[in-house]
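Below you will find one chain, with nothing else, as structure tokens; this is the form predicted alone, and questions on how it binds or moves follow later.
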Amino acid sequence: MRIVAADTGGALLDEEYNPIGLIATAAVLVEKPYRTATVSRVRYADPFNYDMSGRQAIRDEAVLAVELAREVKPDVVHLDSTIGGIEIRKLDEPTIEALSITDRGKEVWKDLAKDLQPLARKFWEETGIEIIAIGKSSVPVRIAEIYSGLYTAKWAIEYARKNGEAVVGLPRYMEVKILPGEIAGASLDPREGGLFGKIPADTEGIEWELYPNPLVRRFMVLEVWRKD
């Protein structure tokens, strides 16, 4: 099975390690043996002007996943939203009301469905490919999350080149290494079977340090600064 998945992750942090806004939405094509991505795409957000309600992330994920899926023609598309693996094209108001989620979550999805249901329906009519809201239980979604961390590190390098330094939070249970010409990352959860990723990047002229976020368990902080 060939699966396209998308997730948003990585955050610009303030001096007290609190998130200012999210940075990178990644879409990936994942194929057997399901440990890394065959193809990846990224869409960067402005972390200084970010809607942290979840609406922006899910919209960005759906749009980017469809863009990649049109190119690579997978069997199915997985989105990072845990609402029981429901097909997005079927998310009408009665279906949303029946979901076992909070009232606030229902309101968010009623708003999102106005854009995403027509997108998913049109995509399905044209390709026969379903877009499923499956969430973190999907291994390809987790791989997309790892890639969002890799692209967050790439964003941090470019930000540090312009501004001197950057402090970003990575997605849960992952590490990155900034190597000559590339950024490599991997899951820190031994139960996940060795999920990993890497992307090309211009890494010259920077220094970096990785350490645990002192306020939030399971999350690592990446500091990047420009060599003088």
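Keep in mind it's a predicted model, so treat the numbers as computed, not measured. All residue numbers refer to positions in the sequence shown, first residue = 1.
Just so you know, the form predicted in complex with another copy of the chain exists too; it's not on screen, but the next bit is about it.
Only one of Lys73, Lys114, Lys136, Lys90 lies close to another copy of the chain in the predicted bound form, with a heavy atom inside 4.5 Å, and it is Lys136. With the partner omitted here, the residue from Tyr44, Tyr34, Tyr50, Tyr159 that has a non-hydrogen atom within 4.5 angstroms of another copy of the chain in the predicted bound form is Tyr34. Contact annotation for Glu207: none of its heavy atoms lies within 4.5 Å of another copy of the chain in the predicted bound form. Put simply, Ile20 is far from another copy of the chain in the predicted bound form: not one heavy atom of it is within 4.5 Å. In the predicted bound form, another copy of the chain sits within 4.5 Å of a heavy atom of Ile3. Under a 4.5 angstroms non-hydrogen atom cutoff, another copy of the chain in the predicted bound form has Met220 among its neighbouring residues.
Residues are counted as partner-facing when one of their heavy atoms sits within 4.5 Å of another copy of the chain in the predicted bound form; in 179-207 these are Leu188, Asp189, Pro190, Arg191, Glu192, Gly193, Leu195, in sequence order.
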